[in-house]
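The chain below stands alone and is given in structure tokens; this is the form predicted alone.
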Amino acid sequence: MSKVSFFAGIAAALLVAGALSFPPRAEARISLEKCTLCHGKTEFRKILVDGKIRDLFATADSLKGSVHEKKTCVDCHFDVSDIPHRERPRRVICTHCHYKGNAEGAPQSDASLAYIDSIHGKAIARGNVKAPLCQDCHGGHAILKAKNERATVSQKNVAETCGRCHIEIYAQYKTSIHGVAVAKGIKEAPSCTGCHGEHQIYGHLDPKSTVYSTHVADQCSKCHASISIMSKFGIETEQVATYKGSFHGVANQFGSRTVANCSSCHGTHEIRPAADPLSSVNPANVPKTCGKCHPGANPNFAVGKMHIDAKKKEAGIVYYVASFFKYLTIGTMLVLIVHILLDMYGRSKRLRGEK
């Protein structure tokens, strides 16, 4: 059995075991009024052992406008059968309703299974209590659909949500060309989920990851090879084709994990325009960037165009050298074909003369 299957099995078992260990839902419905006797007080909160404060305030308005607006407290906290409850309610397990084939009216999705196999699900299976569960990303009571701009997982807010754990990465992304574009409301700009995926997120060293070294170029090309997207911002799409035709691109397509890909040069989360002095592809920084793989890289590395299309005259000497060899090859082939035809003609004449 593979490690992935092992961890996925453990995570699934934990979720199922957690759901089964709850006592049966109380037949008598606990009214909202009873819950709000305590939870309806704005000052109702608890100080955790690490010093953090957990807000326990919740009323009928807490669910208003959310996807769970028609649900009651015990629909999720179904281990609560008495008020006041003497034991602390267990953490809500969303898979009680959210699974493919459910009859609760929840989305028919296998997102929970994708999560179990993700880097976050495997961390939970290993006992990491800091790893995020559904409610850490989607919220507790005020859960909104992702297309709602106020949702914690909307394109506008998802980076901040991820940044609660990945604070340094969020700081880099927020000032990057992508982060600035998202803040301006540009829908085409990628947020965290645009590159890493939503529930099925893998570590960058996992071959299944969308940002694994040999997958980076394909992931970036989803936007940067699209004329309909790039034309809106005056950005050329030739970078994708020129990279794939370069030594780096060819080696990458053959599975090299060490050859330079898009992020090797442009950065990962801190991507900036080339004109930005802080950009890794700014002419002043190119020697340092190239020097990561090519020791001794000097300012000459920044001379000329980076992404070169040998089919265009703008490529300079590269265009003329490529053209010379192209026509040399064509001419050589034509001469060879003519030579073969003449040889065959001479042989046929000699054969007819012998007869």
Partner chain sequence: MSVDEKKANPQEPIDPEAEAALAEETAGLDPVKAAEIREKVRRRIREEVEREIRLRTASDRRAEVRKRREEIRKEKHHQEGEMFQRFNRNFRFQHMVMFTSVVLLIITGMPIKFPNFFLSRIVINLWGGINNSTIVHRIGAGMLIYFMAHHMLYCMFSREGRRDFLLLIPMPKDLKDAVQNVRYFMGKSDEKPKFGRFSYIEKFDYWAVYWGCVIMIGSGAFLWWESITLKYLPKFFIDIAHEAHSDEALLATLAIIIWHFYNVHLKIKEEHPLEYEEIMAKRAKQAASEVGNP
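Nothing here was measured: the structure is a model prediction, and the numbers come from that model. Numbering follows the first chain given and starts at 1. Only the largest set of C-alpha atoms that superpose within 1.5 Å between the two forms is called the rigid core.
This protein has a second form, the form predicted together with its partner chain, left out of what is shown; the following refers to that one.
- [ ] Please determine, with the chain shown alone, which of 313 to 321, 66 to 74, 35 to 43, 49 to 57 has non-hydrogen atoms within 4.5 Å of its partner chain in the predicted bound form.
- [x] Going by heavy atoms within 4.5 Å, the stretch is 313 to 321.
- [ ] Mark Phe233 yes when one of its heavy atoms lies within 4.5 Å of a heavy atom of its partner chain in the predicted bound form, and no otherwise.
- [x] Although its partner chain is absent here, Phe233 would stay clear of it in the predicted bound form, with no heavy atoms inside 4.5 Å.
- [ ] Decide whether Arg352 counts as a contact residue for its partner chain in the predicted bound form under a heavy atom distance cut-off of 4.5 Å.
- [x] Contact with its partner chain, no.
- [ ] Examine Pro273 and determine whether its closest non-hydrogen atom to its partner chain in the predicted bound form is within 4.5 angstroms.
- [x] Outside the cut-off, so no.
Task: its partner chain contact at Gly245 in the predicted bound form, heavy atom, 4.5 Å - done: Residue-level check for Gly245: yes, a contact with its partner chain.
Task: Complete contact of Tyr99, Ala241 and Asn285 with its partner chain in the predicted bound form (any heavy atom, 4.5 Å) - done: So, no: the whole triplet misses its partner chain.
Task: Within 4.5 Å of its partner chain in the predicted bound form: residues from 307 to 345 (heavy atom criterion) - done: In sequence order, Ile308, Ala310, Ile317, Val318, Val321, Ala322, Phe324, Phe325, Leu328, Thr329, Thr332, Met333, Leu336, Ile337, His339, Ile340, Leu342, Asp343, Met344, Tyr345 come within 4.5 Å of the partner.
Open item on the list: Once the core is aligned, does Met344 move its Cα by at least 2 Å between this form and the one not shown?
Closed with: Yes, the C-alpha moves 2 Å or more.
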